[in-house]
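Starting off, we have a lone chain in the form predicted on its own, written out as structure tokens.
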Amino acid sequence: MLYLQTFIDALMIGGVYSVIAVGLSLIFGVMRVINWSHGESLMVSMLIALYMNQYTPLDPYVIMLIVGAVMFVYGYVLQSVVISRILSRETDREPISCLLFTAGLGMVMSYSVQIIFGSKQVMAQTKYNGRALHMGDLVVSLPKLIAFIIAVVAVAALWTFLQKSEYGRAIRATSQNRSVATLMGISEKRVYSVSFAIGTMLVGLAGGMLIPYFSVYPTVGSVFSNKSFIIVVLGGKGSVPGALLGGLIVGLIEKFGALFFSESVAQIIVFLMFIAILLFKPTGLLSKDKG
């Protein structure tokens, strides 16, 4: 029974890891840009959701949708106004200046929040706090279960959008060969803006679904961003199913590693797996063309 409880807990957190990582994977897969401010975008999303929960009567999962929409607009504007200008000056396929810019942006976001709001951890008070489903000896946290379901639906919706919609095919075409896609009449800049916006929207959704059971503080984003990079490499850069699989694997390793050894050993195992994937299968468990 203990193993089954651990397995369920691993799936719950793994699903949240996946929806955070899939946004990062999409941005890299389409633009070849590593967004080092991804974790800080999550932190800001959690902060917005926290204060909306505190000062409005809205349900936390309605707030989650609003935060997702806000982050979509933020991502679209950031890419269209700032990052596109940086990209236009670069000739390299993987522009280093974008990496440096997003790294600097992330530090500005983190330190600004720390200066304005302080560094203490704050927990949102919602009607879902502490609620759980009891199935015999099994206990399933209600907010974690809801977050898992939302995460899986969000990842499945993104995969369907990319595979079935006309614009999704344009995004995939641009990620595979931007020159040919441009010749076919696809607007590269618009595809980049929409892709970046979707990636940050998913982070916004994740931030909203986390606040009923996870504290908010200025460096909370780094907790998830480090794992997101591991998941992207593990699943395959640009692969949506790979991000889902990678998130679940990392969740399982963390929970069972902590059960059999300790949390520190579990984290070491995760990073050892990350190194092994880079050495022996750098394309990831699921390649991009399969995602």
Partner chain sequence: MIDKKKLLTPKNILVTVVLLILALLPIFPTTGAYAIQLTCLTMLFIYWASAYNIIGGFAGHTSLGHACYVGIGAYVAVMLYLYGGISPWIGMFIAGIVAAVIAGIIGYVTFHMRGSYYTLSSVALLNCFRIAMAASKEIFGFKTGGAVGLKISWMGESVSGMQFVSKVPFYYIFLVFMILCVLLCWYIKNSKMGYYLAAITTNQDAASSLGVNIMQYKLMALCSSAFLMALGGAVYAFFLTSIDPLSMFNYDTSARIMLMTVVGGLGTLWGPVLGAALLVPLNEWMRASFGARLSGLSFVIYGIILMLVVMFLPKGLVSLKDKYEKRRYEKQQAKEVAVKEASVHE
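Residue numbers count along the first chain shown, from 1. As the structure is a computational prediction, the values presented were derived from the model and not from experiment.
The same protein has a further form, the form predicted together with its partner chain, not shown here; the description that follows concerns it.
With a 4.5 Å heavy atom cut-off, would you call Val108 a contact of its partner chain in the model of the complex?
-> Contact check for Val108: yes, within 4.5 Å of its partner chain in the model of the complex.
Please run the contact check for Arg85 against its partner chain in the model of the complex: heavy atoms, 4.5 angstroms, yes or no?
-> Residue-level check for Arg85: yes, a contact with its partner chain.
Heavy atom of Met135 within 4.5 Å of its partner chain in the model of the complex = Looking in the model of the complex, residue contacts with its partner chain do not include Met135, since no heavy atom lies within 4.5 Å.
Consider Arg89 of the chain shown here, and say whether it contacts its partner chain in the model of the complex, taking contact as heavy atoms within 4.5 Å.
-> Contact with its partner chain, yes.
Non-hydrogen atom within 4.5 angstroms of its partner chain in the model of the complex for each of Val19, Val73 and Phe196 = Checking in the model of the complex: none of Val19, Val73 and Phe196 is within 4.5 Å of its partner chain.
Region of this chain that lies against its partner chain in the model of the complex, out of 240 to 248, 64 to 72, 224 to 232, 46 to 54 [heavy atom, 4.5 Å] = Of the stretches listed, the one contacting the partner is 224 to 232.
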